[in-house]
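As a starting point, one isolated chain is supplied in structure tokens, in the form predicted alone.
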């Protein structure tokens, strides 16, 4: 009975449990949608052509590129100052600023200054909360 109440955790791979479970659930749900809604999925080509023709490609591709770049740079920058959260902080400030400016419709100085203040204050607040209040490390 004693063996049934013990849980062994392999810390080298424990961080992969929930992403793997979530990935499996998403694959099963996607397959269920494709099977049950296959006629709607196969007939949606015209809707997607019209959507891609009307979309703001600069903002869509710019936002996508900034997000990929943000996640790619966070760990290498964090490795320069390990266990300090500087990767998160130094990558989040320009990411929030550039994303805010990218999605801004009117780029005047009066509109950009609040975005820059938020881009500095937001990541600083999150970095301080995680490091000093919750004692969690960020990349």
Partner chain sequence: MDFLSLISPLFVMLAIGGTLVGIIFGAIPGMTATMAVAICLPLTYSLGLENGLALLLGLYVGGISGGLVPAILLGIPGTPSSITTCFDGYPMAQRGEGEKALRIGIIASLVGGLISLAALYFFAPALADFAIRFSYVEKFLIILFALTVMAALSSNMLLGIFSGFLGIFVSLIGVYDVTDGGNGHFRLIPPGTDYWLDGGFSLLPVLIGLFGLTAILDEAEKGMPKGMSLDQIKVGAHSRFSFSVFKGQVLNLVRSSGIGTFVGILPGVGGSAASILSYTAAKTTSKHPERFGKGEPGGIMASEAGNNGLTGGALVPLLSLGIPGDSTTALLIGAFALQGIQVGPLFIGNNGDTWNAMIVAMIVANLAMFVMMYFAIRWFAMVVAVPKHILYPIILMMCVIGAYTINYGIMFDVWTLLIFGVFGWLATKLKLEIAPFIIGFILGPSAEIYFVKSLESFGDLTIFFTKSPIAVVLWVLIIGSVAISVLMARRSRQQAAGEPPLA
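Positions refer to the first chain, counted from 1. Basically, rigid core = biggest C-alpha set you can superpose within 1.5 Å across the two forms. Treat the numbers as computed from the prediction; the structure is a model and nothing was measured.
There is another form of this protein, the form predicted in complex with its partner chain, and it is not shown here; the text below is about that form.
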Mark residue 80 yes when one of its heavy atoms lies within 4.5 Å of a heavy atom of its partner chain in the predicted bound form, and no otherwise. no
Heavy atoms within 4.5 Å of its partner chain in the predicted bound form: does residue 67 have any? yes
Residue 74 versus its partner chain, in the predicted bound form: is there a non-hydrogen atom within 4.5 Å? yes
Can you work out whether residue 47 and its partner chain are in contact in the predicted bound form, taking contact to mean some heavy atom pair no more than 4.5 Å apart? yes
Across 4-29, the residues having a non-hydrogen atom within 4.5 Å of its partner chain in the predicted bound form turn out to be 5, 6, 7, 9, 11, 12, 13, 14, 15, 16, 17, 18, 19, 21, 22, 23, 25, 26, 29
Shift of residue 53 between this form and the one not shown at or above 2 Å (CA, core fit): no
Do you see a C-alpha shift of 2 Å or more at residue 125 between this form and the one not shown, with the core held fixed? no
